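Taking the form predicted on its own, here's one chain by itself in structure tokens.
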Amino acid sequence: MIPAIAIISVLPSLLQQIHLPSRLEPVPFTQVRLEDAFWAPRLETNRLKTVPHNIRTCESTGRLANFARAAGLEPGEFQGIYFNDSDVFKMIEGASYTLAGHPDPALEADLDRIIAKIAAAQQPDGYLNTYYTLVEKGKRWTDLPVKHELYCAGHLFEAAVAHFQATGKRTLLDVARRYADHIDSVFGPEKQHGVAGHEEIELALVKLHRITGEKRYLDLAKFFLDERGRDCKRKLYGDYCQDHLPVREQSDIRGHAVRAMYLYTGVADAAALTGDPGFIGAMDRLWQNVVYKKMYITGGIGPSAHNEGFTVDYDLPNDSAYAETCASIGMALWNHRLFLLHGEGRFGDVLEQVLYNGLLSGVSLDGEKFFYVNPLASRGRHHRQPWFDCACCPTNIVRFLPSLGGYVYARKEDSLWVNLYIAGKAKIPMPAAGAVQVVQETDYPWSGKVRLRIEPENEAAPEFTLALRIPGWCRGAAASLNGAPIDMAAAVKGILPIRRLWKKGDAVDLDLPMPVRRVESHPAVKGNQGRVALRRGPLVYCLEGADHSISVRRIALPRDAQIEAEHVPSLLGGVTVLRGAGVVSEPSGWSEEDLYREAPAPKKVAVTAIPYYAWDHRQPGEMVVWIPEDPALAEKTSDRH
């Protein structure tokens, strides 16, 4: 037997990194190329279908015309909802991420044309909002809780940073800086007091600070974060906008789910730069509250359509689940920031859970239809749509997917961290060791076997640590370095550190077993009692009507049912399905003379489960994630559409 490698031992310095805020730096998406069979085709669909679809629809719905009209380039009135500017900015952000990986002169020219209209619409003092320029002149900053001026500004800043990173052009970045300078002249401790009703500008200002080095932008972000929940100089907006308590005092997550996620992402960004213990403590309390008591198994959040957000602990209905796609994207953003802040695997686990389930379900396989809400059960009447009047979800999807490469790796001084397992290549500058190329080879999420080849450009460089996230869903994980087994007891808080003087050709192999798992809910989740959900690896599964001749709501899955995984390349773009034997109670056979009868034995029925993200791509039909174990809990009859 080959002995476990002694150099895998966890050094005290690394333990300190893992236990204390590590303030990891993400490896930019521009340095990562995804080449796997799962994500790469989706990114190509996003490039070829979703980006053009978003551009066309922003054009046809008047969103782009609003900028031309605000600039006086064409006649006409404002079209659409007062925050429609934000959709254009998110579309630009997504198109910019796409350009970074696939140079496209035609797309770049389209963006140049759109950005020219945006720049022309900017007012002499830097202000930029087409609704107020065209509709409510003279009323700037008078309705912060509702009219989304700061929210739209934040999305402009994010788009400008992405466009500059992708193209090197300053055209949109200069527009963003002028607007940020204007906002800084309006708001502050000795100026106007107020916060965004819909958060977003806070995290965007931190991004703008990081790309420009301008400290005033960070100070302004901190002002908005510190101002929230303080009523000394203004009226509070309430918990719908997370404006009921100062952020440092919040423990129970409340209100609109997307707003909350954007706010807390900004808080995590500020905490990473300042080390503010009040912010860090609040983030930990709020994370525990949402993940342990208010998150769907898909990673979706916000069960209620009434406030598009949170209610009480353990309120997680399935058919009426709101679980907005934008909220899932916000959950991914927040957990990635917390992973960078703490260097703990639990945050990467939630990011992965959201990514492969509640987020990915938000876009169709063809890239041109979208879910706004993502229920965990359907009677066949819920379908993706090409667009929405409030189009936040399609434009959020188009910007998130091409930025995915930026979520895979992180670095800090002499450590390189792997957060997601996606085949591809990355060239990562290490502060101490010089440039290191990492090559991932894997068929994740269908297989848990991962090989990472480490290729330092300078083999004489100092040793550094390769820190690998061991997913929380995995039991019995194993790893080896150049064929020699690694002691998995070295893993701390979901992170396996491997420290050595790396040489070209070094290979780390991970084996993450993916048996089918039956998951049950906390007893307080009333709608799931006596029911189980199926998981394999990071994927949550569901039963869909297209695979069954009877209503899936009538099917039960006994505890002793054997379930096997089978990969089907021809189905839904290539998926691993789960097959087993369920049972169904026969409700028919009653006559008018029968009040009682001998109970018939449940009838066996073949069961096929598909990944949740892939439902609603075939004929309309029912869907369920949570399956009863006892036939008595299953429906006796059900509508089928």
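A quick note: this is a predicted structure, and the numbers were derived from the prediction, not measured. Between two forms, the rigid core is defined as the largest C-alpha subset superposing within 1.5 Å. Just count from 1 along the sequence shown to find any residue number.
Not pictured, yet referred to below: the form predicted in complex with another copy of the chain.
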Indicate whether another copy of the chain has at least one heavy atom within 4.5 Å of a heavy atom of Q288 in the predicted complex. yes
Can you tell me if M295 lies within 4.5 angstroms of another copy of the chain in the predicted complex, counting non-hydrogen atoms only? yes
Though only this chain appears here, would A153 touch another copy of the chain in the predicted complex if you measure heavy atom gaps against 4.5 Å? no
Is H383 a contact residue for another copy of the chain in the predicted complex, using a 4.5 Å heavy atom cut-off? no
Can all three of L64, D104 and E441 be found with a heavy atom no more than 4.5 Å from another copy of the chain in the predicted complex? no
Tell me, out of L571, A461, L481, V532, which residue has a non-hydrogen atom within 4.5 angstroms of another copy of the chain in the predicted complex. V532
Among the candidates R170, K191, R517, R113, the residue which, in the predicted complex, approaches another copy of the chain to within 4.5 Å (heavy atoms): R517
Which of these stretches, 519-527, 157-165, 124-132, 392-400, has heavy atoms within 4.5 Å of another copy of the chain in the predicted complex? 519-527
Scan 595-628 and note down the residues that get a heavy atom within 4.5 Å of another copy of the chain in the predicted complex; none is a fine answer too. L595, Y596, R597, E598, A599, P600, P602, K604, W626
Superposing on the rigid core, I want to see if P600 changes position between the shown form and the other one - specifically a Cα shift of 2 Å or more. yes
